[in-house]
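Given as structure tokens, the chain that follows is alone and in the form predicted alone.
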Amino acid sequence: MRIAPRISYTKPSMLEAKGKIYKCIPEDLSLFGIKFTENIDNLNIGDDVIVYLELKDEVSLNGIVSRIINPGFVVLFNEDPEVIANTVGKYLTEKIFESKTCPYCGQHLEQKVEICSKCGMYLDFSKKEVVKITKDLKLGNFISKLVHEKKVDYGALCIEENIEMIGSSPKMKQVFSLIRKYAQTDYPVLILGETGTGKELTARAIHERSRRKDKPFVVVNCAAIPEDLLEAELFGYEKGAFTGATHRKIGRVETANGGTLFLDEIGDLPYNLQAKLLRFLQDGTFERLGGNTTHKVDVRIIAATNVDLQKAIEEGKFRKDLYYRLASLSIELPPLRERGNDVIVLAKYFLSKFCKELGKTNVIGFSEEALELMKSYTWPGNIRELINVIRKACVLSDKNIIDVNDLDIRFENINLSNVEEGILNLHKHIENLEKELVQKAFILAGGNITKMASLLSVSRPKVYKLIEKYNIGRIKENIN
């Protein structure tokens, strides 16, 4: 007995494979895939395809060619259970209940039921949990997972579970190595780097791998708190210490007791407070503002800044003794422009992340031109800017592929020495847009030349030339 039901499905459908679009006639549809009745030249087992189906609504599903038969071939869907449940699952369930027949044993169904009373098989496939369990029950799929499951080399790409700290460049591998080593100590750490390079993520990674991981991780942005309030925020105050101090307040230092205190933008710490911080670093003691009692806590200090502290010392803005106390261990985070292909790895990760958040299952990646543009861009805002660019592209784009036009990138910040020849070629980009519009018209018109000509506002001979130019797919003149 089949695990998932299969129903007859013969509606003309579109298939995108190897940059071409074909009109194909299917034979049947199941929860896991679809079978077509004719062969396509040069289509091989393992090829990635996109199937365009007319279910209750028009849907597009990613898939992979699993079998070539004569004539025909089979495509297995390669989508999350939630996507399958909301598309094919709902369609199959509706057809089962419309037929009033169990697809497994043929039992007549008097009403809509989740489970067939005769064979005990589940009949509602519109729930992602059901799809997932049904898919996992397929013996071949289960064995394939055991045999082919790939282990991620976290040591090479990221810092263990902190997946957003990704990188395979030599500089990032060095950062990961230092994080692991520094996490085993309680010495202060100074993290240096431009804005947006991930200084707080690095501090958290050190904390989460230290013996203090179950204790607080407290963040203080030294540049965001007014100077006259910063001391009270750090060390707390006693009742009556100043006007408005109606009760005792515990500072961030005490809150972090047993854990880690992360002092972000330490280069902006007021000079008069630097001496008090130095004393705290030396013996772990402090007094609350307005108090005389000395308190002692066990806190590890991690500091970060984008300021040139050596220059600040020369200008009398930062204490030399505090610098050497903080910099006993240091990490310098490289800017994104110096991390080579890491920008592409990060861009693909954030694209996947934001598309899942937005429910955009049709977006499958970036165009080659977009990838080259991102590699050539200098990223003055570093990873933070990259995140904003990818998130905006995900929100605004309605296409399957994120292209150059979807990226909110300022061309004046492109490193011309890294620009591949032709990336700004106007003719090339116009051709890419033209091909995309012809492909969409082909799908909407079902391959009908007259309808395509109307949609594109060109003549029929022009449509033929465009189809031949871009090798779009098979055309059938007798489609109504």
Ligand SMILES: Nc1ncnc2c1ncn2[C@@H]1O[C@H](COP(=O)(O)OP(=O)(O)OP(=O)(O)O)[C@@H](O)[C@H]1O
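Numbering starts at 1 and runs along the sequence shown. Here the structure is a predicted model, which is why all the values come from computation and not from measurement.
The form predicted in complex with the named molecule exists for this protein as well; it is not shown, and the discussion that follows is about that form.
Colleague: Any of the heavy atoms of residue 384 lying within 4.5 Å of the named molecule in the predicted bound form?
Modeller: So residue 384 counts as contacting the named molecule.
Colleague: With the partner left out of view, is residue 401 within 4.5 angstroms of the named molecule in the predicted bound form by any non-hydrogen atom?
Modeller: Outside the cut-off, so no.
Colleague: State yes or no: in the predicted bound form, is some non-hydrogen atom of residue 165 no more than 4.5 angstroms from a non-hydrogen atom of the named molecule?
Modeller: Output for residue 165 is yes: heavy atoms within 4.5 Å of the named molecule.
Colleague: With a 4.5 Å heavy atom cut-off, would you call residue 369 a contact of the named molecule in the predicted bound form?
Modeller: No - in the predicted bound form, heavy atoms of residue 369 and the named molecule never come within 4.5 Å of each other.
Colleague: Tell me which stretch of 316-324, 123-131, 92-100, 198-206 has a heavy atom within 4.5 angstroms of the named molecule in the predicted bound form.
Modeller: Flagged stretch: 198-206.
Colleague: Which residue among 182, 77, 350, 379 has a heavy atom within 4.5 angstroms of the named molecule in the predicted bound form?
Modeller: Among 182, 77, 350, 379, a heavy atom within 4.5 Å of the named molecule in the predicted bound form occurs only for 350.
Colleague: Looking at 116, 269, 346, 393, which is the one with a non-hydrogen atom within 4.5 Å of the named molecule in the predicted bound form?
Modeller: None of the other options qualify; the answer is 346.
Colleague: Pick out the residues of 258-289 whose heavy atoms come within 4.5 Å of the named molecule in the predicted bound form.
Modeller: Contacting residue: only 264.
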